[in-house]
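Presented as structure tokens, the chain that follows is alone, the form predicted alone.
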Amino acid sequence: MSESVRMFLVQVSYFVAAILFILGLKRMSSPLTAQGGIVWAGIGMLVATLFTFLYPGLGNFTWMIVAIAIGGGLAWWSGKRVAMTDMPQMIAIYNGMGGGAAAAIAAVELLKGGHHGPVVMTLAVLGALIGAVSFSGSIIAFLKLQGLMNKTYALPAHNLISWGVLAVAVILGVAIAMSNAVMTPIIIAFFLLALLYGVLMTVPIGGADMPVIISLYNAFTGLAVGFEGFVLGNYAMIIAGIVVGASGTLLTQLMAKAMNRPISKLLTAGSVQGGGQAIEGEQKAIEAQDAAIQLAYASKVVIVPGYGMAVAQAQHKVWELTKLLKEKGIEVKFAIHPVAGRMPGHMNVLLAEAGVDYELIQDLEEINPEFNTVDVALIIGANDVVNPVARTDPSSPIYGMPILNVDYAKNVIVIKRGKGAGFSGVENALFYLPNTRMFYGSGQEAVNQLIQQVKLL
């Protein structure tokens, strides 16, 4: 097979792969078609990978096959074993690997010198910088989500140091891009500074902001891959990177808006951690029988799941309770906050896994006008996203964050393990309201008790 024919087949395969990526991403926009979208995008990646072996002048096939086997094997093994509660940290580490791969490609090209020309070298440097930041930042995000790094860390004059590191990295990057010579020590220093900036950018960020930072690093990885696609002339990388970068950027903006957290504040060590006015009163407990009576004799119930439901693996029991209430003629809906859980769409995935009808799931804008007609709002493991101080307390760090207006419901039942604050460290005023009752216990066991009591009524 001639080189021209092989090159033609490679380019056609990249075009086909790009179409499959875009169609797959489009299908992922709905839970009803998301699984098929993942398959389509996976087929696109398989096509692009296989036809790359036809690329003229390509060598080291043995190492390529070994790398693919190791990476693919580890991904398959980890993907099959990972618990749904650990999905956010898996996403974080995969984001990091994508950014690291883009940075590694850039490193190879930069060490070849300026044979590409200043424009392409500039793109290589940009991809290297963004990819390295995404890699080290995602590693820190993984450690925080996994519980291996439980604290936020900030140096004295942290922002000044952070921006200084970035400024020096940019200066070195400009020098590399404009030079025709291979400056290995400067290239190494550039990568070390880029990696350091990723660490400095992420360590001060608190857990409440992790959904946004994961989305931001996803966008970074896409941009880095897109830039390196230009460097290599690889159309599949260009299109895939641009699509991921654009969608990740849009998602980051939507997530930041949902939390009322300017992205600029995230990048300047401005995390949400505790604070606000002291809350007076006490939390009032409720027993399973009384909670079941409220649910069984309600006309309309809204269930609000949060990360606590994921930890307790309670989604299947929640769906069982839902079906039981619906059999009694009760209207039941699910309310999902955009940042419920530890990553975008976390609660939707959990509920879909349990078999919850998609038509029952509503987002914040859809459900909020209905809460004043709700007889019982059942909160399972959600905290910050239902905290009314976001509307009432200007001194609170979460003030202005859009929340689910569950406090407008006639009755609120909160299933919670204990009396602690939410992931942000902000005390929840909802738990002290006259219409709120606390049902303490593990999510799965508590819901199971409700099921048994409802069956008796």
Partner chain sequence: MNETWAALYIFLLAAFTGYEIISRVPVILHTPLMSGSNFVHGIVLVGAMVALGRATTGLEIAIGFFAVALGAMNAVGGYVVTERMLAMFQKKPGSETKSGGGH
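Please read these numbers as outputs of a predicted model, since none were measured by experiment. Positions refer to the first chain, counted from 1. Basically, rigid core = biggest C-alpha set you can superpose within 1.5 Å across the two forms.
There is also a form predicted together with the partner chain; it is not shown, and the following applies to it.
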Subject >> Of A382, A240, V125, A310, the one that lies within 4.5 Å of the partner chain in the predicted complex (heavy atoms) >> reply: A240
**OP:** Would you check whether the partner chain, in the predicted complex, lies within 4.5 angstroms of a non-hydrogen atom from each of T49, V82 and Y358?
**Re:** yes
Original post:
Thinking of the partner chain in the predicted complex, which stretch from 59 to 67, 389 to 397, 407 to 415, 426 to 434 has heavy atoms inside 4.5 Å of it?
Top reply: 59 to 67
**OP:** Considering only heavy atoms, tell me if K323 and the partner chain come within 4.5 Å of each other in the predicted complex.
**Re:** yes
Original post:
Going by a heavy atom distance of 4.5 Å, is A102 a contact of the partner chain in the predicted complex?
Top reply: yes
Original post:
Is there a heavy atom of F190 lying 4.5 Å or less from a heavy atom of the partner chain in the predicted complex?
Top reply: no
Original post:
Hey, in the predicted complex, does I176 get a heavy atom within 4.5 angstroms of the partner chain?
Top reply: no
**OP:** Heavy atoms within 4.5 Å of the partner chain in the predicted complex is the criterion; list the residues of 224 to 253 that meet it.
**Re:** V225, G226, F227, F230, L232, N234, Y235, A236, M237, I238, I239, A240, I242, V243, V244, A246, S247, L250, L251
**OP:** Could you check whether the CA atom of N218 moves 2 Å or more between this form and the one not shown, using the rigid core for the fit?
**Re:** no
**OP:** Could you check whether the CA atom of Q315 moves 2 Å or more between this form and the one not shown, using the rigid core for the fit?
**Re:** yes
Original post:
Taking the rigid core as reference, does the Cα of F230 move 2 Å or more between this form and the one not shown?
Top reply: no
